[in-house]
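Given next, in structure tokens, is a single chain: the form predicted alone.
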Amino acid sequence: MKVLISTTFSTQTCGTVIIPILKAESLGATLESIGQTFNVSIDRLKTDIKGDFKEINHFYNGETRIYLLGLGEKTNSNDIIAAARNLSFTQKSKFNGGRIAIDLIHSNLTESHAVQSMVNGILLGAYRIGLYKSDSNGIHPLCQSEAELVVFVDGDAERSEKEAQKALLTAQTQIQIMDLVNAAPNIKTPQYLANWAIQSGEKNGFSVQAFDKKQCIELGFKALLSVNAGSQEEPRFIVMEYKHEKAQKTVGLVGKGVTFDTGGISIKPSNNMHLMKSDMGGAAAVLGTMELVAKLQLPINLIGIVPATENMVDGAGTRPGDVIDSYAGKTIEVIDTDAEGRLVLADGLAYMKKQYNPDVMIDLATLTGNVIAALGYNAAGLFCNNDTLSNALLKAGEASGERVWRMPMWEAYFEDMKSDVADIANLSSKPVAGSITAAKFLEFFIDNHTGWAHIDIAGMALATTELGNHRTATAYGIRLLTDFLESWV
């Protein structure tokens, strides 16, 4: 499909036109303009349309169906995307033809990110969660190869074109990542993640190495191998490198790639365990960001590392009370085998620091339930040892709508991670501040790197949306990281 920009408004070749409207002081004047343009009763528009968030109204202009999409009083890009996605998904069966338009000329949405947010949301509404359904009915009109999404703008067409193309590339990558996170765990093995990375690298121009179990043993990824010990699926340690000739900075990303998490010997309750196929949400964010940065050709050097494994229950598995080694040469007392994500990240972070020592290191993981207790499902937890980096990530979170909230990292929290028999324990000795003590564990393995951030996305990787009947993948982290990297170069 194509995304086109036009500064000349016309509904003649469009089967569907979408006009986003804010619930603002300008709404009355906006409705008057819409009524005059389309010869619709202005009084009726003002009576029926409030502009509430996700409010949908429509009327016809000849053969063209005109949708008025309420955005409420919000201008956060994530809210605009959510409203547009909801309309696109719920109304897809009513869309006329394969040429759909977003009309910003007659809209009172004037934010600089309007084109990007609206295009991204409409395209995400074309997502189909039924990866394994035999029935292919309900395909979105925008999924047709000849489909076109036209954006009518009253302003800088060149800038709008760049925004629209970025939104298209972003949505395409997000949809692939949503498929990846939603994939069944019997299909989504560590090797599956490695294959995904290799294929993306070949297509988009970044290099990929995927170390197998033998190589992981030789390289000394002992914490990763400990988590993998109970699984029949071999681990993979995936290393991706994107380089740009004009780059002046190097950023390293590490993503937790636990493709299914039973909790190991410290087994989880069966309720909702099926959702643990999403425990590689951090890896998905890293994979998606690598792909999108390469597509956008951002002038930065980017390293992505994904330690990938299952965490299964088996007689060969690591036991609570075991002491294991790590790539960093530091020993770990395993208090709870369900605190496994920090173990694989420990090897990933230590390898990143030793082999690449980037200007900035950021890890992402669906790490703790405690971060959900603290922040709910509206923001990820940000743990950072650098104020400049933290502020940049907070700013990117507001710009992208993928919000983060900074949590404390005081040294007092590390006291709870001390072990009597090893260098560190993998679980706090106290049933409080679990997301913070997990971050302090990770900090132990960054070898004093001064530009590190950990983002706990446990509450953000899945969400209840109109796209499915249950919690489904969000592709959280891709827009956050990409916006950060664009500002950091």
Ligand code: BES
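Model, not experiment: these values are computed from the prediction. Residue indices: 1-based, along the sequence shown.
There is another form of the same protein, the form predicted in complex with this ligand; it is not shown, and what comes next is about it.
Contact annotation for residue 372: at least one heavy atom lies within 4.5 Å of this ligand in the model of the complex.
Though the partner is left out of this view, residue 324 does not reach within 4.5 Å of this ligand in the model of the complex, counting heavy atoms only. This ligand in the model of the complex comes within 4.5 Å of a heavy atom belonging to residue 276.
When contacts are judged by a 4.5 Å heavy atom cut-off, residue 328 does not count as touching this ligand in the model of the complex. Contact with this ligand in the model of the complex, judged as any non-hydrogen atom within 4.5 angstroms, is confined among 75 to 83, 202 to 210, 178 to 186, 255 to 263 to 255 to 263. This chain is displayed alone, yet in the model of the complex one of 453, 427, 442, 66 has a heavy atom within 4.5 Å of this ligand; that residue is 427.
Contact with this ligand in the model of the complex, judged by any heavy atom within 4.5 Å, is made by just one of 402, 310, 340, 291: 340. For the stretch 448 to 473, the set of residues having any non-hydrogen atom within 4.5 angstroms of this ligand in the model of the complex comprises only 458.
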